[in-house]
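Only one chain comes next, encoded as structure tokens, the form predicted on its own.
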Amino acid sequence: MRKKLGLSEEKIARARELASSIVSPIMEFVEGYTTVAVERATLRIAGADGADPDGVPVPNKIVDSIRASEPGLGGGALLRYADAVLRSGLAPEALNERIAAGLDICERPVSDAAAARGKAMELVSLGLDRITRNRSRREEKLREFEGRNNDPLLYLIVATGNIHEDVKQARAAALKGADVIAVIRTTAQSLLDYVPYGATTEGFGGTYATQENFRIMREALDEVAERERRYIRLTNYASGLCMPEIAAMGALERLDMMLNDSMYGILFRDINMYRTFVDQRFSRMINAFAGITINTGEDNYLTTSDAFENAHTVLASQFLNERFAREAGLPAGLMGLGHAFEMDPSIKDGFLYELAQAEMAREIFPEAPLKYMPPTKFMSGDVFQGLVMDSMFNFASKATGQGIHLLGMLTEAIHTPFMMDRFIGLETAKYVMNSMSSFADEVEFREGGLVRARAAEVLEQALSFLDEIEGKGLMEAIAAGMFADVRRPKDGGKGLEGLVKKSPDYWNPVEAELERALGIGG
């Protein structure tokens, strides 16, 4: 891409060096720990599924049983499950039913560890093969329908609480031109340390993320894709206390994008940082293996802090998210790094500052399919003003070559968007972007002008911010409230009890195979 801002390549390289230095001690810690969610995700890939009559998922029952037995979960969960498959002579599906009915697979010790390891590898191969086939199917369809999607991809949220109603709205949106359908998760699901089972028809502010709901929506969008000859991407949320499990379920059901941020759960859901950092690495390895694009959550910083004064914290977080993603084997082409159009509308030249920041992100992360978020913080309920703000956001997105464009809604701050609101969002975005299709190729930014100066200023501030974090340590920086003005203590938050130190005999063939396939670890 042609660079227009004249940003210092030395400063960009230095920022990446600082991000690497900041992330390194976190990764050293992560290597020594697993979590209940990592082990449940491993079991799911190996075939553990289902729930008991009270709705307790089979993977939870297995992990809870192992934790309560000797020697505990420090050695991993899969060996026990594979041993139970061997001893019972049952297929995983039948064994899952027995476990759901009350079978405790830890009542007896592992009978033949070597044989159990062999069976575990067999089960893992079946799960990973399914994920590989899903990735191949996506790539095949993207080749078949090449050139048929909007640029940037138009991303639209549906979430009624009822998956079957979501399907109707998703189909309507895809038929009108949406490229990405995101099924936003029901309120507070990120705080559940289990994944509900089956199709769901109730939810508040969203729809439960379950594997069956993923399957239902995937099937519906594939039908529209064949009709429209345009691949429709499906998005959900691999975040919260079940981040690795939801990533595994998404990979098994061919989701295409997953919200997956290294610090979002810590800052905005008060999930323990130790737990989060371990979970995010495993979930991102799954995403990388499955070819799933992650969407990071830097836009949320600007809902709690000022977009002009704290733009550098967004850029710093993008550098950190990039480094964490690389540590998990995720290539730049799957890093949907987030940012947002959230400047106070009363600021003189505010649009130029927004343009500078969007162009800056595009030039610093040229291979990343950046996810650009619409105005929300200053949407007042005035639908006419809201439509103007969204149109300026549409302009900035196209002018700076963003990759994933979350559609703005003129009724933001009034109610959950109606189908007509989404229709207007799609039509106005397509109009603006079509009418200025070649704009980016026609425009340069004046040396010494406001746009270049603003981008250089934000980069300089981000560099100083990262330098300060390196001296303090990332966990200490989070505890001090350096991101989003939110303070989270290292030993506080939800889910810390689910963190488990790996024993010397820890064995997780899913982790080992992902690391091998992605060329990381060891």
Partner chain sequence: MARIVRPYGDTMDDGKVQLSFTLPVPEGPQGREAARLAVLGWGFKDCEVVHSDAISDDFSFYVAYASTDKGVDYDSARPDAAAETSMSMDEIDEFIRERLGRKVVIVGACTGFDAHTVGIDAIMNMKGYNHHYGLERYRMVEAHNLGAQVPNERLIEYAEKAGADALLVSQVVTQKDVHIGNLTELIELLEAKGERGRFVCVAGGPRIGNKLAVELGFDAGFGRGSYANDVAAFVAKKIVEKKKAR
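Positions refer to the first chain, counted from 1. For clarity, every value in this text was computed on a predicted model and none was experimentally measured.
What comes next is about the form predicted in complex with the partner chain, which is not displayed.
- Only one listed stretch (382-390, 209-217, 330-338, 365-373) carries heavy atoms within 4.5 Å of the partner chain in the predicted bound form, and that stretch is 382-390.
- A heavy atom within 4.5 Å of the partner chain in the predicted bound form is found for one listed residue only; from 278, 116, 128, 159, this is 159.
- Residue 416 is the only one of 88, 416, 111, 132 with a heavy atom lying within 4.5 Å of the partner chain in the predicted bound form.
- When the partner chain is considered in the predicted bound form, residue 175 lines it closely, a heavy atom lying within 4.5 Å.
- Put simply, residue 230 is far from the partner chain in the predicted bound form: not one heavy atom of it is within 4.5 Å.
- Using a 4.5 angstroms limit between non-hydrogen atoms, residue 105 is distant from the partner chain in the predicted bound form.
- At a distance threshold of 4.5 angstroms between non-hydrogen atoms, residue 165 is in contact with the partner chain in the predicted bound form.
- Residues 191, 203, 204, 205, 206 are the ones in 191-210 with at least one heavy atom within 4.5 Å of the partner chain in the predicted bound form, listed in sequence order.
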